[in-house]
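Shown below, as C-alpha coordinates, is a lone chain in the form predicted on its own; questions about how it binds or moves come after it.
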(Lines give C-alpha, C1' and ligand atoms only; values in the text may rest on other atoms or scores of the structure.)
Protein backbone atom coordinates (compact mmCIF):
# COMPACT_ATOMS: atom_id res chain seq x y z
CA UNK A 1 0.00 0.00 0.00
CA UNK A 2 1.38 3.40 -0.99
CA UNK A 3 1.63 6.18 1.62
CA UNK A 4 -1.20 8.08 -0.10
CA UNK A 5 -3.49 5.04 -0.07
CA UNK A 6 -2.67 4.40 3.58
CA UNK A 7 -3.46 8.02 4.46
CA UNK A 8 -6.78 7.90 2.61
CA UNK A 9 -7.63 4.60 4.32
CA UNK A 10 -6.96 6.08 7.76
CA UNK A 11 -8.85 9.32 7.09
CA UNK A 12 -11.84 8.15 5.07
CA UNK A 13 -12.49 4.44 4.56
CA UNK A 14 -12.75 2.09 6.34
CA UNK A 15 -11.93 4.28 9.35
CA UNK A 16 -11.75 7.94 10.19
CA UNK A 17 -14.40 10.14 8.67
CA UNK A 18 -16.50 7.23 7.40
CA UNK A 19 -16.66 5.80 10.90
CA UNK A 20 -17.55 9.16 12.44
CA UNK A 21 -20.32 9.76 9.90
CA UNK A 22 -21.60 6.22 10.49
CA UNK A 23 -21.74 6.94 14.20
CA UNK A 24 -23.80 10.07 13.54
CA UNK A 25 -26.24 8.10 11.39
CA UNK A 26 -26.63 5.46 14.11
CA UNK A 27 -27.18 8.23 16.64
CA UNK A 28 -29.83 9.79 14.40
CA UNK A 29 -31.57 6.44 13.99
CA UNK A 30 -31.65 6.01 17.76
CA UNK A 31 -33.00 9.52 18.40
CA UNK A 32 -35.54 9.22 15.57
CA UNK A 33 -36.88 5.88 16.80
CA UNK A 34 -37.20 7.11 20.38
CA UNK A 35 -39.07 10.18 19.13
CA UNK A 36 -41.49 8.11 17.05
CA UNK A 37 -42.13 5.77 19.99
CA UNK A 38 -42.97 8.85 22.06
CA UNK A 39 -45.28 10.25 19.36
CA UNK A 40 -42.82 12.98 18.39
CA UNK A 41 -41.39 13.85 14.97
CA UNK A 42 -37.75 13.65 15.98
CA UNK A 43 -34.64 15.14 14.33
CA UNK A 44 -33.85 15.27 10.64
CA UNK A 45 -31.20 12.94 9.26
CA UNK A 46 -28.48 15.61 9.30
CA UNK A 47 -29.14 16.86 12.83
CA UNK A 48 -26.19 15.07 14.55
CA UNK A 49 -23.82 16.43 11.89
CA UNK A 50 -25.27 19.93 12.26
CA UNK A 51 -24.89 19.75 16.05
CA UNK A 52 -21.27 18.64 15.73
CA UNK A 53 -20.38 21.38 13.25
CA UNK A 54 -22.02 23.96 15.50
CA UNK A 55 -19.98 22.80 18.50
CA UNK A 56 -16.74 22.72 16.51
CA UNK A 57 -17.22 26.34 15.42
CA UNK A 58 -18.07 27.58 18.90
CA UNK A 59 -15.58 29.08 21.32
CA UNK A 60 -14.19 26.63 23.86
CA UNK A 61 -14.27 28.26 27.29
CA UNK A 62 -11.99 26.90 30.00
CA UNK A 63 -13.17 27.65 33.54
CA UNK A 64 -10.61 29.18 35.86
CA UNK A 65 -8.64 26.84 38.07
CA UNK A 66 -8.89 23.72 35.91
CA UNK A 67 -5.83 21.76 34.82
CA UNK A 68 -5.32 22.60 31.15
CA UNK A 69 -3.69 19.28 30.27
CA UNK A 70 -6.70 17.31 31.49
CA UNK A 71 -9.28 19.77 30.20
CA UNK A 72 -7.97 19.77 26.63
CA UNK A 73 -6.46 16.28 26.55
CA UNK A 74 -9.29 14.11 27.88
CA UNK A 75 -11.66 14.66 24.91
CA UNK A 76 -8.84 13.71 22.53
CA UNK A 77 -8.00 10.55 24.48
CA UNK A 78 -11.67 9.56 24.63
CA UNK A 79 -12.13 9.88 20.87
CA UNK A 80 -8.80 8.18 20.19
CA UNK A 81 -9.80 5.19 22.30
CA UNK A 82 -13.08 4.75 20.42
CA UNK A 83 -11.37 5.06 17.02
CA UNK A 84 -8.66 2.60 18.04
CA UNK A 85 -11.26 0.06 19.16
CA UNK A 86 -12.82 0.31 15.71
CA UNK A 87 -9.64 -1.11 14.16
CA UNK A 88 -10.38 -4.53 15.66
CA UNK A 89 -14.18 -4.58 15.26
CA UNK A 90 -16.23 -5.67 12.20
CA UNK A 91 -17.42 -2.17 11.33
CA UNK A 92 -20.17 -1.92 8.68
CA UNK A 93 -20.05 -5.68 8.15
CA UNK A 94 -16.43 -5.79 6.99
CA UNK A 95 -13.70 -7.91 8.49
CA UNK A 96 -11.58 -6.12 11.13
CA UNK A 97 -8.66 -4.13 9.76
CA UNK A 98 -6.19 -5.48 12.32
CA UNK A 99 -6.25 -8.60 14.45
CA UNK A 100 -4.02 -10.15 17.08
CA UNK A 101 -4.42 -12.67 19.93
CA UNK A 102 -6.40 -11.07 22.72
CA UNK A 103 -7.71 -8.13 20.71
CA UNK A 104 -11.15 -8.62 22.30
CA UNK A 105 -9.81 -7.58 25.72
CA UNK A 106 -7.93 -4.62 24.23
CA UNK A 107 -11.05 -3.49 22.38
CA UNK A 108 -13.19 -3.62 25.52
CA UNK A 109 -10.53 -1.64 27.37
CA UNK A 110 -10.48 0.99 24.62
CA UNK A 111 -14.26 1.27 24.83
CA UNK A 112 -13.94 1.90 28.57
CA UNK A 113 -11.66 4.89 27.99
CA UNK A 114 -14.67 7.04 27.12
CA UNK A 115 -16.30 6.62 30.53
CA UNK A 116 -12.96 7.00 32.32
CA UNK A 117 -12.22 10.24 30.45
CA UNK A 118 -15.69 11.61 31.17
CA UNK A 119 -15.27 10.81 34.84
CA UNK A 120 -11.85 12.47 34.98
CA UNK A 121 -13.24 15.49 33.13
CA UNK A 122 -15.89 15.90 35.81
CA UNK A 123 -13.36 15.35 38.59
CA UNK A 124 -11.17 18.07 37.05
CA UNK A 125 -14.09 20.52 36.99
CA UNK A 126 -14.94 23.15 39.55
CA UNK A 127 -18.72 22.72 39.46
CA UNK A 128 -20.60 20.58 41.95
CA UNK A 129 -22.62 19.20 39.04
CA UNK A 130 -19.41 18.04 37.34
CA UNK A 131 -18.21 16.32 40.49
CA UNK A 132 -21.53 14.54 41.05
CA UNK A 133 -21.61 13.48 37.41
CA UNK A 134 -18.04 12.17 37.64
CA UNK A 135 -18.89 10.15 40.75
CA UNK A 136 -21.91 8.64 39.03
CA UNK A 137 -19.93 7.88 35.87
CA UNK A 138 -17.22 5.99 37.77
CA UNK A 139 -19.83 4.19 39.87
CA UNK A 140 -21.76 3.11 36.78
CA UNK A 141 -18.49 2.12 35.08
CA UNK A 142 -17.84 -0.55 37.71
CA UNK A 143 -21.46 -1.69 37.54
CA UNK A 144 -21.68 -2.23 33.77
CA UNK A 145 -18.19 -3.01 32.53
CA UNK A 146 -17.91 -6.40 34.23
CA UNK A 147 -21.30 -7.78 33.06
CA UNK A 148 -20.71 -6.46 29.53
CA UNK A 149 -17.28 -8.10 29.45
CA UNK A 150 -18.66 -11.39 30.77
CA UNK A 151 -21.48 -11.29 28.20
CA UNK A 152 -18.96 -11.10 25.36
CA UNK A 153 -16.74 -13.76 26.90
CA UNK A 154 -19.48 -16.36 26.42
CA UNK A 155 -19.23 -16.46 22.60
CA UNK A 156 -15.44 -16.16 22.88
CA UNK A 157 -15.30 -19.25 25.09
CA UNK A 158 -17.58 -21.13 22.71
CA UNK A 159 -15.21 -20.28 19.86
CA UNK A 160 -12.10 -21.06 21.97
CA UNK A 161 -10.56 -17.77 20.91
CA UNK A 162 -9.98 -14.24 22.22
CA UNK A 163 -9.71 -12.87 18.68
CA UNK A 164 -12.74 -10.93 17.45
CA UNK A 165 -12.30 -12.14 13.88
CA UNK A 166 -12.25 -15.79 14.96
CA UNK A 167 -15.29 -15.42 17.22
CA UNK A 168 -17.24 -13.75 14.41
CA UNK A 169 -16.28 -16.50 11.99
CA UNK A 170 -17.33 -19.16 14.50
CA UNK A 171 -20.69 -17.47 15.07
CA UNK A 172 -21.23 -17.23 11.32
CA UNK A 173 -20.35 -20.84 10.60
CA UNK A 174 -22.25 -22.53 13.42
CA UNK A 175 -25.36 -20.86 14.81
CA UNK A 176 -26.75 -17.67 16.21
CA UNK A 177 -25.44 -17.28 19.75
CA UNK A 178 -28.64 -15.52 20.76
CA UNK A 179 -30.37 -18.91 20.59
CA UNK A 180 -27.83 -20.75 22.71
CA UNK A 181 -26.83 -17.87 25.02
CA UNK A 182 -29.94 -15.65 25.30
CA UNK A 183 -29.02 -14.44 28.79
CA UNK A 184 -25.69 -13.19 27.53
CA UNK A 185 -27.36 -11.28 24.72
CA UNK A 186 -29.73 -9.51 27.12
CA UNK A 187 -26.85 -8.66 29.46
CA UNK A 188 -24.75 -7.36 26.55
CA UNK A 189 -27.64 -5.19 25.31
CA UNK A 190 -28.35 -3.66 28.73
CA UNK A 191 -24.65 -3.32 29.48
CA UNK A 192 -24.19 -1.48 26.18
CA UNK A 193 -26.90 1.01 27.12
CA UNK A 194 -25.25 1.48 30.50
CA UNK A 195 -21.84 2.09 28.89
CA UNK A 196 -23.32 4.73 26.60
CA UNK A 197 -25.34 6.24 29.49
CA UNK A 198 -28.57 5.96 27.54
CA UNK A 199 -31.98 6.14 29.28
CA UNK A 200 -32.98 4.66 31.66
CA UNK A 201 -29.31 4.44 32.69
CA UNK A 202 -28.51 8.12 32.18
CA UNK A 203 -28.15 9.12 35.83
CA UNK A 204 -24.53 10.34 35.25
CA UNK A 205 -25.77 13.06 32.87
CA UNK A 206 -29.33 13.62 34.11
CA UNK A 207 -30.12 17.06 32.71
CA UNK A 208 -33.07 17.60 35.07
CA UNK A 209 -30.86 16.97 38.11
CA UNK A 210 -27.23 17.87 37.41
CA UNK A 211 -27.40 19.83 34.10
CA UNK A 212 -24.98 17.77 31.94
CA UNK A 213 -23.17 15.87 34.67
CA UNK A 214 -19.43 15.53 34.27
CA UNK A 215 -19.46 17.55 31.03
CA UNK A 216 -21.33 20.55 32.46
CA UNK A 217 -18.32 22.86 32.05
CA UNK A 218 -17.40 21.69 28.55
CA UNK A 219 -18.30 23.59 25.40
CA UNK A 220 -17.10 24.00 21.85
CA UNK A 221 -14.51 21.57 20.51
CA UNK A 222 -14.11 19.59 23.73
CA UNK A 223 -17.80 18.82 23.97
CA UNK A 224 -17.88 17.99 20.26
CA UNK A 225 -15.04 15.46 20.63
CA UNK A 226 -16.82 13.73 23.51
CA UNK A 227 -20.01 13.69 21.43
CA UNK A 228 -18.23 12.19 18.40
CA UNK A 229 -16.49 9.62 20.59
CA UNK A 230 -19.81 8.40 21.97
CA UNK A 231 -21.20 8.03 18.45
CA UNK A 232 -18.17 5.99 17.38
CA UNK A 233 -18.41 3.88 20.52
CA UNK A 234 -22.05 3.16 19.68
CA UNK A 235 -21.06 1.79 16.25
CA UNK A 236 -18.21 -0.33 17.61
CA UNK A 237 -20.18 -1.82 20.51
CA UNK A 238 -23.27 -2.55 18.40
CA UNK A 239 -21.05 -4.21 15.79
CA UNK A 240 -19.47 -6.45 18.43
CA UNK A 241 -22.80 -7.54 19.88
CA UNK A 242 -24.19 -8.19 16.40
CA UNK A 243 -21.17 -10.18 15.24
CA UNK A 244 -21.05 -12.31 18.38
CA UNK A 245 -24.74 -13.01 18.92
CA UNK A 246 -26.51 -12.54 15.57
CA UNK A 247 -24.67 -14.88 13.23
CA UNK A 248 -21.29 -13.26 12.63
CA UNK A 249 -20.44 -10.81 9.87
CA UNK A 250 -21.84 -12.43 6.73
CA UNK A 251 -23.23 -10.06 4.13
CA UNK A 252 -22.54 -6.35 4.88
CA UNK A 253 -26.11 -5.34 4.02
CA UNK A 254 -27.57 -8.05 6.26
CA UNK A 255 -25.11 -7.06 9.00
CA UNK A 256 -26.31 -3.45 8.74
CA UNK A 257 -29.91 -4.59 9.15
CA UNK A 258 -28.95 -6.62 12.22
CA UNK A 259 -27.22 -3.64 13.82
CA UNK A 260 -30.28 -1.49 13.17
CA UNK A 261 -32.39 -4.13 14.90
CA UNK A 262 -30.13 -3.74 17.96
CA UNK A 263 -30.60 0.03 17.79
CA UNK A 264 -34.36 -0.52 17.52
CA UNK A 265 -34.38 -2.62 20.69
CA UNK A 266 -32.32 -0.02 22.53
CA UNK A 267 -34.67 2.77 21.41
CA UNK A 268 -37.68 0.75 22.52
CA UNK A 269 -36.21 0.28 25.99
CA UNK A 270 -35.39 3.99 26.20
CA UNK A 271 -38.96 4.93 25.35
CA UNK A 272 -40.54 2.38 27.69
CA UNK A 273 -38.52 2.93 30.87
CA UNK A 274 -37.99 5.97 33.07
CA UNK A 275 -34.65 7.00 34.49
CA UNK A 276 -33.33 4.83 37.30
CA UNK A 277 -31.55 6.22 40.32
CA UNK A 278 -27.84 5.56 40.47
CA UNK A 279 -28.30 3.21 43.43
CA UNK A 280 -30.92 1.26 41.48
CA UNK A 281 -28.76 0.89 38.38
CA UNK A 282 -25.71 -0.16 40.37
CA UNK A 283 -27.39 -2.34 42.99
CA UNK A 284 -29.68 -4.26 40.67
CA UNK A 285 -27.41 -4.65 37.68
CA UNK A 286 -24.14 -5.40 39.47
CA UNK A 287 -25.83 -7.89 41.75
CA UNK A 288 -27.90 -9.80 39.22
CA UNK A 289 -26.30 -8.99 35.86
CA UNK A 290 -22.84 -10.17 36.84
CA UNK A 291 -24.19 -13.26 38.60
CA UNK A 292 -26.29 -14.27 35.61
CA UNK A 293 -23.35 -13.77 33.26
CA UNK A 294 -21.11 -15.87 35.50
CA UNK A 295 -23.78 -18.56 35.73
CA UNK A 296 -24.03 -18.72 31.95
CA UNK A 297 -20.25 -19.05 31.64
CA UNK A 298 -20.26 -21.81 34.26
CA UNK A 299 -22.96 -23.70 32.36
CA UNK A 300 -20.98 -23.26 29.14
CA UNK A 301 -17.84 -24.67 30.78
CA UNK A 302 -19.74 -27.66 32.12
CA UNK A 303 -21.38 -28.36 28.77
CA UNK A 304 -18.08 -28.15 26.93
CA UNK A 305 -16.49 -30.51 29.44
CA UNK A 306 -19.40 -32.94 29.16
CA UNK A 307 -19.40 -32.88 25.35
CA UNK A 308 -15.64 -33.36 25.27
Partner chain sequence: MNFPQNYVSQLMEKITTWARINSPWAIHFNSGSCNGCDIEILATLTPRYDIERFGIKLRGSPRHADVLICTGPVTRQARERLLRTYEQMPEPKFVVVVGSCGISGGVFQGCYNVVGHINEVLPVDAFIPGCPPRPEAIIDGIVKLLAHIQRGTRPALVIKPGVQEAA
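Positions refer to the first chain, counted from 1. Owing to the predicted nature of the structure, the values given are computational and were not obtained by experimental measurement.
Quick note: we don't show the form predicted in complex with the partner chain, though the next part is all about it.
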- Assert contact_stretch over 183 to 191, 204 to 212, 73 to 81, 135 to 143 against the partner chain in the model of the complex, heavy atom within 4.5 Å, equals 204 to 212
- Task: Indicate whether residue 63 is a 4.5 Å heavy atom neighbour of the partner chain in the model of the complex.
- Result: yes
- Message: Please tell me whether any heavy atom belonging to residue 41 falls inside 4.5 Å of a heavy atom of the partner chain, as the geometry stands in the model of the complex.
- Response: yes
- Message: So in the model of the complex, is the partner chain close enough to residue 280 to count as touching (4.5 Å, heavy atoms)?
- Response: no
- State yes or no: in the model of the complex, is some non-hydrogen atom of residue 54 no more than 4.5 angstroms from a non-hydrogen atom of the partner chain? yes
- Item | Option touching the partner chain, based on a heavy atom within 4.5 Å in the model of the complex, out of 116, 223, 169, 163 | 223
